[in-house]
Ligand SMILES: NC(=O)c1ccc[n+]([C@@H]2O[C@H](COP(=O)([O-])OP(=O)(O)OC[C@H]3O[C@@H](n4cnc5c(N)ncnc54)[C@H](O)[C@@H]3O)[C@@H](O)[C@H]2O)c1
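The form predicted alone is given below as one chain in structure tokens.
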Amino acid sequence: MAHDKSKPQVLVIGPGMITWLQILPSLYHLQNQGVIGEIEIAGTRCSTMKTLFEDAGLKKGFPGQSFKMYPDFRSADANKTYRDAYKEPLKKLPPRQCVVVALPDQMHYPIIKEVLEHDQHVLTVKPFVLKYNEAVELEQLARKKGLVVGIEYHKRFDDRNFIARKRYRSGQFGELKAGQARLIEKYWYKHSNFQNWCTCDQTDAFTYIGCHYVDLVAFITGLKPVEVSVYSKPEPWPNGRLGYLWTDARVVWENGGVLSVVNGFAYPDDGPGGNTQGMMLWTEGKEKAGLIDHHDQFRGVKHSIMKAGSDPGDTIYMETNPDYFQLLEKGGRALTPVGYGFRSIEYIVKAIARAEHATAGLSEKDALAKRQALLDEYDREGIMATPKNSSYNELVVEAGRLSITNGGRIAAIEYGEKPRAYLK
């Protein structure tokens, strides 16, 4: 089949939970809308690929749609691990298509660098990378080639956060003084693949999910974080590997405001939500106090059904979140994804497509200059997280790792010509 140059092809590297839950349904819908072309997915294990490919819900929700897979479980050796399966489709991709990186935190840097070296635009799950210098290196490489890199911090696309951002930046809340945030995933995560990669030597609960709320406070307020301390006692996963399964973090901002963030993997499986999460920010103005109070777990919907589903953590009584990601019947042959989880994917994919459509027919020199101008625009707007406009996240991650591996000591963040994180 000839490649339609007006529609970017998409290669997803990583067929795991987030691809099944959010990324692939979003891509199927964008494919139905004519925004993207063919979809390919690369993984390391036949079993994971088979589970995704044969998922009954996706087949029913998106009839006739599928993807090309690497490895193909129907012919590959089921006992083999295919760590380089992504290399073949990546090599074959025409320049400047869309590569989605949906991998564990510590794998982002080498894979994204390889993808950029193959002249491909990138959509990556958060966090971008684990070190500031890596973020700078990748930003410079992407800019040199005029490639879009979008980091999928989907909470930005929750309308309540756009509202808070607008009101805070117009002065209606005054100034951030203190805040609390939490995001605790369900207990069954302990028996998932997380126990194989979310280990003390690689990452931690704060790096993995606490980054959402650090990014969100910066997105809303425009403030930069300047100090981080993270405490955790290493505990064993079911497979015996040690992980920082509970984290308590404190982030100090440049105005002296402070945010505390608690993360972990122990929300009860019988709990009615998919997790527990939320954020409160206390603010002050002239002789006045302000408040931002977002209950991100319970969105006002309570359902009790006859029988629980078969997925981990499914319950009979549920407090459904209609705002993050749902697949609904809204006409047409396929389901329609709604919510900020879809809008985030859509925004980044369309930003990539725009970079190509805006430069069609130009000389390579003029096209590169135009794409670089668009990168500047995306950085300046600050709606989509990019390596340049959200590099404070990498500084927080780096400071957090310094702190957590040193018993919770305070790590400072220094900006200027050579930003860095260091133990105080």
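In case it trips you up, residue 1 is the first one in the sequence shown, and so on. Nothing here was measured: the structure is a model prediction, and the numbers come from that model.
In what follows, reference is made to the form predicted together with the named molecule, a form of this protein that is not presented.
- [ ] Using a 4.5 Å heavy atom cut-off, indicate which stretch of 304 to 312, 89 to 97, 214 to 222, 126 to 134 touches the named molecule in the predicted bound form.
- [x] After filtering at 4.5 Å, what remains is 126 to 134.
Task: Residue among Tyr109, Phe194, Phe73, Trp253 with a heavy atom within 4.5 Å of the named molecule in the predicted bound form - done: Residue within 4.5 Å of the partner: Phe194.
- [ ] Would you mind picking the one in Asn389, Thr44, Gln31, Gln372 that has a heavy atom within 4.5 Å of the named molecule in the predicted bound form?
- [x] Spelling it out, the residue with a heavy atom inside the cut-off is Thr44.
Open item on the list: Using a 4.5 angstroms cut-off on non-hydrogen atoms, would Ile18 count as touching the named molecule in the predicted bound form?
Closed with: Yes, Ile18 lies within 4.5 Å of the named molecule in the predicted bound form.
TODO: Using a 4.5 Å heavy atom cut-off, state whether Tyr168 contacts the named molecule in the predicted bound form.
DONE: No, Tyr168 is distant from the partner.
TODO: Determine whether any heavy atom of Leu281 comes within 4.5 Å of a heavy atom of the named molecule in the predicted bound form, and answer yes or no.
DONE: Close contact is absent here: in the predicted bound form, Leu281 is far from the named molecule, nothing within 4.5 Å, heavy atoms only.
Task: Close approach of Asp323 to the named molecule in the predicted bound form, 4.5 Å, heavy atom - done: Taking the distances in the predicted bound form, the answer for Asp323 is no, it never comes within 4.5 Å of the named molecule.
TODO: Decide yes or no: are Glu175, Gly257 and Lys286 jointly within 4.5 Å of the named molecule in the predicted bound form, with each residue judged by its heavy atoms?
DONE: Heavy-atom distance to the named molecule in the predicted bound form: none of the three under 4.5 Å.
Task: Residues within 4.5 Å of the named molecule in the predicted bound form, restricted to 71 to 105 and counted by heavy atom - done: Arg83, Tyr86, Ala102, Leu103, Pro104, Asp105 sit within 4.5 Å of the partner.
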